[in-house]
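Before any questions on binding or motion, here is one chain by itself as structure tokens, the form predicted on its own.
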């Protein structure tokens, strides 16, 4: 019998792809089989995130759960971004952990597996051309890394300290991986990078890469995350608008609507630039779905600064919002700032932002009643439901069976809700 692997993935799509890479290496090179039952696993991995709130507490809490529930002799490995910045401290605080593997060292999973107490967290390690074994969580879409690391040095963000310098993966390797995925049935390619539209390799930029991937036979849809507002030049927007295979949903991380705060955050753009890009995008692509990230109560944020953020919310009317109170992260400049905002004020601002967005979202949602979208179905839901995404990013669910999976169908919306639009397939 093969040994069994249990893996818990926290955080972003890049973490999800890292987990897929580790699963591939362990199943194909080490003979493991995946399990969803923690208690029967011979190897337990937690792929951590440093961005979400209280990541260190979350990690050690999970390790405690694993220790209690794991079977005798099972190994525990801590991977990902929190592993990168804590390193051997993890094993000191939790001796039950067998090894630590940083976010920039995924390809070394087979090595550390056999070394009790191994700590591999080199953020300068370059695995951009490493040929990972193949594994994908979904047969209907494929996540493909186009770059690793980040050079932006935003003052609130720990990612450059955990994922290292930004390196673009050669375009021929990206196209090769996407083509292989398409040939195996994935009609949607999801391109990943910390700043995807900053892609640069041997004279090719992100717009060139989008066009190259769109030329692959059997690729029907292309999505990507996360683009940086600073690099949203006119050419990029034109390619996004004109290429029919590129899905018309765009994540534009605002972070703050105040130019003053954006400067303190070291984001590299102004409120005016962000609004200009969003307005141009709306004009070029009717029906485009724009999502964003917002941090409230960044150190030194005044009431006027916060109102600038609310002003952007009103002007852009985001279809999706990920919003958080600022919390200090180790290895970041902002953690050293002495003008931290009172927690009560932070909570009040976050509540105001979210309540206003909920009202906007209700108006957006209601407006989808009766509309017809082309939906690519990829997920079975409970009680006879099948779900997928419209071209412009709405999650849509209909009644149906697995026969719909992997197909694109026209769906008329009959019951729109905030998180899911319910509808019926129309011929």
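Computed from a predicted model, the values in this text were never measured in an experiment. Numbering follows the first chain given and starts at 1.
The next section is about a form of this same protein that is not shown, the form predicted together with a small molecule.
**Q** In terms of non-hydrogen atoms within 4.5 angstroms, which of the given stretches 248-256, 80-88, 234-242, 67-75 touches the small molecule in the predicted bound form?
**A** Looking at the other structure, the answer is 248-256.
**Q** Just to confirm, residue 194 within 4.5 Å of the small molecule in the predicted bound form by heavy atoms?
**A** Yes, contact at 4.5 Å.
**Q** Even though the small molecule is not shown here, does residue 387 get within 4.5 Å of it in the predicted bound form, heavy atoms only?
**A** Judged by the heavy-atom cut-off of 4.5 Å, residue 387 is well away from the small molecule in the predicted bound form.
**Q** Is the gap between residue 329 and the small molecule in the predicted bound form 4.5 Å or less for some heavy atom pair?
**A** Yes, residue 329 lies within 4.5 Å of the small molecule in the predicted bound form.
**Q** Are any of the heavy atoms in residue 208 no more than 4.5 Å from a heavy atom of the small molecule in the predicted bound form?
**A** Residue 208: no contact with the small molecule in the predicted bound form.
**Q** Name the single residue among 143, 157, 106, 222 that comes within 4.5 Å of the small molecule in the predicted bound form, judging by heavy atoms.
**A** In short, 157.
**Q** Identify, from the list 190, 269, 324, 135, the residue with a heavy atom within 4.5 Å of the small molecule in the predicted bound form.
**A** Residue within 4.5 Å of the partner: 324.
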